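First, one chain by itself in structure tokens, the form predicted on its own.
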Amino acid sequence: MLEKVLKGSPKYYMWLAFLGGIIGVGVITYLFQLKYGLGLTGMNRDVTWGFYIAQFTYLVGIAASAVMLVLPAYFHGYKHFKKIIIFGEFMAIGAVVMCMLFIVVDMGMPQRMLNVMLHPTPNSVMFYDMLVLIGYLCLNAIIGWKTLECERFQVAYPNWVKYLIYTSVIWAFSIHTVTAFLSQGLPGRHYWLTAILAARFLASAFCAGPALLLLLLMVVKKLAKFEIGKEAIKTLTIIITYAMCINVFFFLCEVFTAFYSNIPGHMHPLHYLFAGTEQGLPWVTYWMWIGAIFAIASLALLIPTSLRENMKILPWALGMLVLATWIDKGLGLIVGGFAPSPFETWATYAPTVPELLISLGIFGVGAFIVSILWKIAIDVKKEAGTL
């Protein structure tokens, strides 16, 4: 099936060339970071995680979202998702690769990662995070490729694939749970020190991931004449709506707990994110309010059935939801976790141009991988007559 990558329209090759240029810019910038160190970034003594880890945290959720298609289709026999599952699994592959690359660029000296494998420490959450990410990548690659191959030849997939599919569902929950444990296990960071952080991660993953997948499928629908199916869209948007409602509810629970209990350590990060400090409003405050407005607006468009099923309104609702969850779970979560610092000072952080260019290059890598895998999937489905 790999030969299908080499057969495409001029627009397809122009798209890959465009992504290649973005990747090239990211690689060149990363070489400067390797030479001059993490001093090129906005991180400092008090803020040791920044834009890179924010993207890692968000993309783990995008990767885990494939379970929202796999679980109904394989556990409950919902056939309407069978047509689009392969796109969710291939998107998960691109998301996991980006997660790993963001960890690499955040390490400063990437060879240090070998210590995790050469000198494993089972009492470290980072060790398990590496295991679940690599495991989830392998599971989606094997399952996706084998099921697509069986679809091409119109034969049933072997039984061992079924067991891998069941394993991938459990694994999807584990990758985001372990990622949450990385943060909520730090007692000095009150914004992360909450028992429902893993639940918040999963709720945001199960709304943002399917929303992004559906947006991309809408683009593919126009470019490749791919019919998603009204029932699949209807069911997926219902799942997205419920998950987003739970995500917002969990966040409001955190706000209530912090301010009703009047615990300074839990109030300060939220106050910093939404109201700033006596010195003024930090840049992240504007983003947090944009995210809050978009979250409310997306629910206002998704909850009423008449609006949710309107195909002209739906892309706008999904786009606002994706941006709102990216702000909350990415920028807001990381910046809020470091405010205030252990010295009770307001540590300032803002991503620098090199950080943004390297991040853009990594997103280019993810888009390149997903573009190639989806191209193969579309061509195979056309060949098999299942498009």
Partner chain sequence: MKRSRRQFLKVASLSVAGLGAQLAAGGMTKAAAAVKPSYKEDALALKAKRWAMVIDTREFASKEDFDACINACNHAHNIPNIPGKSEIKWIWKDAYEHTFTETKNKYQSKEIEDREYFMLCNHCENPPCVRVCPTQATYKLENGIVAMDYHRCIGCRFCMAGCPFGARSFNFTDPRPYIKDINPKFPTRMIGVVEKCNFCVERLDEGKLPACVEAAPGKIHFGDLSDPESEVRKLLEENYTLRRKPALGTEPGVFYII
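Numbering follows the first chain given and starts at 1. Fair warning: this is a prediction, and the values are worked out from it, not measured in the lab.
Another form exists, predicted in complex with the partner chain; not displayed. Remarks below refer to it.
Trainee: Any idea which of 358-366, 325-333, 344-352, 64-72 reaches within 4.5 Å of the partner chain in the predicted complex, heavy atoms considered?
Mentor: This holds for exactly one stretch, 344-352.
Trainee: Since exactly one of Thr305, Asn262, Asn123, Gln279 fits, which has a heavy atom within 4.5 Å of the partner chain in the predicted complex?
Mentor: Partner contact (heavy atom, 4.5 Å) among the options: Asn123.
Trainee: To verify the annotation, which of these, Met107, Ala199, Ala224, Cys253, has a non-hydrogen atom within 4.5 Å of the partner chain in the predicted complex?
Mentor: By the 4.5 Å heavy-atom cutoff, the listed residue in contact is Met107.
Trainee: My question is simply whether Pro187 lines the interface with the partner chain in the predicted complex - judged by any non-hydrogen atom within 4.5 Å.
Mentor: Pro187: contacts the partner chain in the predicted complex.
Trainee: Is Asn115 one of the residues lying within 4.5 Å of the partner chain in the predicted complex, judged by heavy atom distances?
Mentor: Output for Asn115 is yes: heavy atoms within 4.5 Å of the partner chain.
Trainee: Can you tell me whether Trp49 touches the partner chain? I mean in the predicted complex, with a 4.5 angstroms heavy atom cut-off.
Mentor: Yes, contact at 4.5 Å.
Trainee: Heavy atom to heavy atom, is His119 within 4.5 Å of the partner chain in the predicted complex?
Mentor: Taking the distances in the predicted complex, the answer for His119 is yes, it comes within 4.5 Å of the partner chain.
Trainee: Relative to the partner chain in the predicted complex, which residues of 31-48 have a heavy atom no more than 4.5 Å away?
Mentor: Residues within 4.5 Å: Lys35, Tyr36, Gly37, Leu38, Gly39, Met43, Asn44, Arg45, Thr48.
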